[in-house]
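Presented as structure tokens, the chain that follows is alone, the form predicted on its own.
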């Protein structure tokens, strides 16, 4: 049974309320005292862009924690939450939907993890040091990145793009006190009008972290390297070629919320692309890319004490793909056409080693070499009116899965004797988004429909143990395609010094895929409570709403805040798992004379809408307080930037609804970042 962790919810809620009330009072008086011209910026949809790094300019003042992990950057988003199974490789959630319902790409490349337990989400194979931004599209606004229900995330690589900067470089280092994490990184770049070369390397190593109250969380260490090269060459004034290579390796990664750790997670990601600014007629910005990536992931439990039976669980994923896209612009219409496709091989196995050496090894395929082909066409038209705009988009795709391994196929046929080796689907999505302006108000509304195929685990997984609800899971190759109709609405009141936005969306998901207990089956994992089969429910419903605001108190001070509410139920009215309770965050940021500082509070209310059938227990309310201070110095013509901060200042012991098995989060943590840029 999970522990009910005592925190300081009342104190945190009071802190957030006092901060909001005081700033709200200041805000109201200040708005009434000043008049500003109407803002001409037109919001088109609910997309969000997280600026991760503008490292070439060493513009770290914009980040509260410059060398934090990519997981921490994504968690700062208004749209994304992260499932934590340890201190490394968190899994993104958007609109209360996890990775199988999202389209996540790196620079437009489809990449699939090799772990049956989701211990290697795509976001774990890059680092903030080689990224410029995360492009986020909610619902079908993310369909440009692939078939999706919940949305899409594209992690855009940082490139010089033929800016005449010559040679530049930087060195960066950071240290965190709680888990003694050491970070060392650097980059060397050259760029002119004909050629650019960007190189980047970073190394992170962390020991076990401590939760609030100085309680050490065992098996939470990790070590990671990341190296990347981007190069581009101009063939003519409007033609260029580019190439990318990323090598990422993590080892000795502990997962305290799981029964196994990871000895190796390695990715090699490469691409070549051709770009042409003008094609013919009104076609422009033609970009075509070929890519390939290979991932190896090895789970083992060799460092765990008292293991009843030792096991290894390696997995492999290989993906080759392409996309080609171009714009077509007229006076009123702005089209984007995109053709894309990929071929993926997913293979995972498990070997159990009995304590009695005279007994034979036990072996099975948990992913039976599933070959996935997907070819899609995406088109959107952004129609501009005088004060309004309309965005129409659609995605059509052919998707097929083939079980290539006969041993794995025969294993699945024990449960599904009539199953076919290949299963094909046609996936469709449509979206209409409308935006209008009235004085300083922006109105956005839209309706969308989208479909997705079951993931490899949902369709073909074979006795995958889920430690969250302590059940073995078996896939179903005959699952129906999951589809979703969603509507969204947002209203934004925007002034130069002030902005407040209210957003809401509702998803009605048909053939919702989730594990359901089959009491006729016996468990494979020692200690498991039962076996679940991935099944289509008739439908499920998700509702998300938030209120966010920004206020420039002065030229130096800025306040931001957000509060959100989420609800998710199935067709029987039962709570869905991993649905956020009421959560909030607020911060005051200061920047003047190259000095920056921030004070922020993050928290959530008690999780009352949980479901014990999926392994959930109630998580208590919590609030944490953090602060940071930075200063930029000029050394000759180069930049030196120093930033220090404190996270979880009150050393609160807590866990959130996304913390696997309620593993406690990090306690008080001091960090220091030093960056030196040679311009």
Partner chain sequence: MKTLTYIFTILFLSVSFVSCSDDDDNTPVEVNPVEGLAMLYKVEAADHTVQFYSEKQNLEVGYNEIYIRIKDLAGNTYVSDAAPSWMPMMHMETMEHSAPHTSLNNTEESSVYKGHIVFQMPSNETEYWDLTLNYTLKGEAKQEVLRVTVAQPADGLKKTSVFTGSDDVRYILAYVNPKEPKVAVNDMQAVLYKMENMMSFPVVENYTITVDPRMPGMGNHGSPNNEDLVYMPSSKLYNGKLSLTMTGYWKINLKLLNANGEVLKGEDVTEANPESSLYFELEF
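Positions refer to the first chain, counted from 1. All figures in this text were calculated on a predicted structure; none of them were measured in a lab.
Another form, the form predicted in complex with the partner chain, is not on view; read the next lines as being about it.
Comparing 538-546, 353-361, 329-337, 209-217 against the partner chain in the model of the complex, the single stretch with non-hydrogen atoms within 4.5 angstroms of it is 353-361.
For the residues 423, 523, 76, 259, the 4.5 Å heavy atom test against the partner chain in the model of the complex is passed only by 523. Taking a 4.5 Å heavy atom cutoff to the partner chain in the model of the complex, the contact residue among 498, 247, 443, 463 is 463. Heavy atoms of residue 167 never reach within 4.5 Å of the partner chain in the model of the complex, leaving it off the interface.
At the 4.5 Å threshold, heavy atoms of residue 411 reach the partner chain in the model of the complex. Contact annotation: residue 233 falls outside 4.5 Å of the partner chain in the model of the complex, judged by heavy atom distances. Heavy atoms of residue 377 never reach within 4.5 Å of the partner chain in the model of the complex, leaving it off the interface. For the three residues 430, 437 and 507, a heavy atom within 4.5 Å of the partner chain turns up in the model of the complex in no case.
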